[in-house]
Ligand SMILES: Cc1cc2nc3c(=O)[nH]c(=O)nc-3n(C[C@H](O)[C@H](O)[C@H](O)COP(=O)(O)OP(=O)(O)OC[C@H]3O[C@@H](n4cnc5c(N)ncnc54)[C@H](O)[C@@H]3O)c2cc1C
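The chain below stands alone, shown as structure tokens; this is the form predicted on its own.
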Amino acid sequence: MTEPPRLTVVGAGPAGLAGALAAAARGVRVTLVDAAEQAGGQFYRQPAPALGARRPQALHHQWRTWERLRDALARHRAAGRITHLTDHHVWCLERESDAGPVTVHALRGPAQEVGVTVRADAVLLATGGYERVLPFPGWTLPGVVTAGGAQAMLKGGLVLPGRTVVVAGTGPLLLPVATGLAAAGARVAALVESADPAALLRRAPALAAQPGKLAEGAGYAARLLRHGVRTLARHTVVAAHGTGRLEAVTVAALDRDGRLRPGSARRIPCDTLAVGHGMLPHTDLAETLGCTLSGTAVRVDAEQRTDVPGVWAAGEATGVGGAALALAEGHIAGRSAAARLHGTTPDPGRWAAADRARTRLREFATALDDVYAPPAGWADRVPDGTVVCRCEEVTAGQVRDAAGTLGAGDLRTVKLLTRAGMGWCQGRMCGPAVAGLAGCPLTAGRRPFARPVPLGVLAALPEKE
């Protein structure tokens, strides 16, 4: 008998789950590789079973959607159509030719010292996104966490990051973070949003096309009111204060040009600051295979195919747009991959509903991107002494000198002159800030490895690899 075609899906969030399920249902043998111990990604992050959570659904919305995905995954695993590799961190993808199989290299287990290799006929990249955090004085203090990090602590560990929390930055993620923390018992002293509410009205037609999303936002707003959380719109964090750990933050109002309003600064006592300025796509693995990017996202066609044969991408990696958009894209990618792996031409009519949802949700996401852009002039407000690259302890002043005095006009040159981005995170945390301070585009740097790899794992690879 002919072996079924093989598809490796990297990432078990909404896009990866939708893609894996769609492909498996159409006769493809799927290997689902994910770094977490349970499927779900950040959006459907589950508490560890040992914690014995009695009502995990209280931390989520769209719980029924998650139950359908979870149960379908269990059925396909039981039938042998999906192999789910949990706690596997993919560090490299490679192939010998455009028509050849894709080899996925992963590190297994908490120590990440065991190498695992998975081979497939094609790959679907559903690698998600990561948070953009812009620096300010005091942002390296203990007690300052990312907004998504605070949410992950709550969802995955059932713990609060602190007792008195300020949630700040910009973007839709701040709403569920603030409401989730308040519902779990934290005192949310303020929700500090830099966006101008009037910008929402300017994009009303695109936003009104998704009434469900608007109702979701209204629900968050109602819960914030119920918990007594004050919202400071068109405000930003100026500095974090503390000796040894966070004790307070200073926030100030912004005018319509993004400048600080004189005399508007106020100090808010808190022990935790959950801050984020939107999301950026994870594209490391796509870049390893040579996929073309459009801006900071992987470029795909109507079938979610990249320009590298046998490679599909879906979800936040192709542009940040939320879980519903990721589900639609993953479903399309899985169906397309299944058809092409079976040697047939996909019929877009088979996924017409997902295509319509994808179009509407992408327009909605584009409108939100415009509304929730980081405040203008943020880079000018960062003092020279502020550490920007935490790994290498590079300051804003050093980055400005590299660009203004030494003539660096791109991230790579700034990196060579200052070491910003040479540390453990390889610029994932500081890249957006360095680009803003240097006045250069935020461009991806193609690397052979997507994460640090023990030398023992490399030494154990077959010689031809």
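Just so it is clear, the structure is predicted and the values come from calculations on it, not from any experiment. Start at 1 and count along the sequence shown; that's the residue number.
The same protein also exists as the form predicted in complex with the ligand; that form is not shown, yet it is the one meant from here on.
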Let me know the one among 88, 277, 335, 235 whose heavy atoms come within 4.5 Å of the ligand in the predicted complex, would you? 88
Quick one: from 346, 180, 258, 148, grab the residue that has a heavy atom within 4.5 Å of the ligand in the predicted complex. 148
Taking the ligand in the predicted complex, would 171, 193 and 374 all count as contacting it (heavy atom within 4.5 Å)? no
Does residue 41 reach the ligand in the predicted complex if we count a contact as any heavy atom within 4.5 Å? yes
Residue 35: heavy atom within 4.5 Å of the ligand in the predicted complex? yes
Does the 4.5 Å heavy atom contact test between residue 124 and the ligand in the predicted complex come out positive? no
Spell out, yes or no, whether the shortest heavy atom distance between residue 323 and the ligand in the predicted complex is within 4.5 Å. yes
The ligand in the predicted complex: contacting segment from 311-319, 349-357, 67-75, 381-389, heavy atom within 4.5 Å: 311-319
Partner contacts for 6-20, taking the ligand in the predicted complex and a 4.5 Å heavy atom cut-off: 10, 11, 12, 13, 14, 15, 16
